[in-house]
Ligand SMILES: NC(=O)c1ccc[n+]([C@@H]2O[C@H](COP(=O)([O-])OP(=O)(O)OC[C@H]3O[C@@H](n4cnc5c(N)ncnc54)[C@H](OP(=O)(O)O)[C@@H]3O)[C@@H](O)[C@H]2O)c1
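As a starting point, one isolated chain is supplied in structure tokens, in the form predicted alone.
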Amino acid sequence: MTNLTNHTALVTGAAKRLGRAISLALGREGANVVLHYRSSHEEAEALAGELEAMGVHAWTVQADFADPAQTESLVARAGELAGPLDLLVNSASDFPPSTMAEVRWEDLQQQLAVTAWAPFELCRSFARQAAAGSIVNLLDSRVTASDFSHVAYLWAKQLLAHMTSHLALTYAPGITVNGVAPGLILPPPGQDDSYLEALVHTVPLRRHGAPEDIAAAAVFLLKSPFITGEVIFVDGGRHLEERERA
């Protein structure tokens, strides 16, 4: 497997939650990390300090994916800070509720911009400046099933799943493109672990996961030179039961 020491990664949504866990895992592997954030400047700077203390380099860069110009310039700005990139992790997303009865076109537009188009645009920008490298897109274990409480979000993630397989073919042989589909890992913002505990009965392994489980899967794919176009479901088997019910 590829040694990530002295490789340079751009991680979106890096300041918190899964993006933070992935950034720390990359640092432990010896990779330098450009930490993207939208509004969590203090958290991103603190994380950069943690990574620097590990002996790797870290930089922070801001972009709001609701603004196409900021999305389009992110890889170039990251490269100006860190030099050429050879790893990309698209972790940033929102998780707002929306139902079939209430979802609006504006809700879908926002989700498509942040959750699908921004990763796609970053993959294209990354491929323009990297003859070889690895990309991981964070999906959702429900991309093969349904979630009628977050329909706009899920539609955007399902589009990103299709994009992932198409990008893998487009950028072969030099760049691998894969996905990680988290399941019951973190409660939504504003909720605590009781949210997770109330749902562990829906997981065949009867427990929820941790951000480190997602980070380990992402690092595995980034280090694997002969895997592309694949999605690893890190959900304790939950997607299998959801697929049966769908």
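Residue numbers here begin at 1 and follow the sequence given. On a predicted model such as this, the values are computed, not experimentally measured, just so you know.
Another form, the form predicted in complex with the named molecule, is not on view; read the next lines as being about it.
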Complete contact of Ser40, Ser93 and Val114 with the named molecule in the model of the complex (any heavy atom, 4.5 Å): yes
Segment that reaches the named molecule in the model of the complex - one of 198 to 206, 52 to 60, 185 to 193, 26 to 34, heavy atoms within 4.5 Å: 185 to 193
4.5 Å heavy atom contact, Val136 and the named molecule in the model of the complex: no
Non-hydrogen atom contact Ala46 with the named molecule in the model of the complex at 4.5 angstroms: no
Residue contact check: Ala66 to the named molecule in the model of the complex, 4.5 Å heavy atom: yes
Proximity of Leu18 to the named molecule in the model of the complex, heavy atoms at 4.5 Å: yes
Residues in 212 to 234 with any heavy atom within 4.5 Å of the named molecule in the model of the complex: none
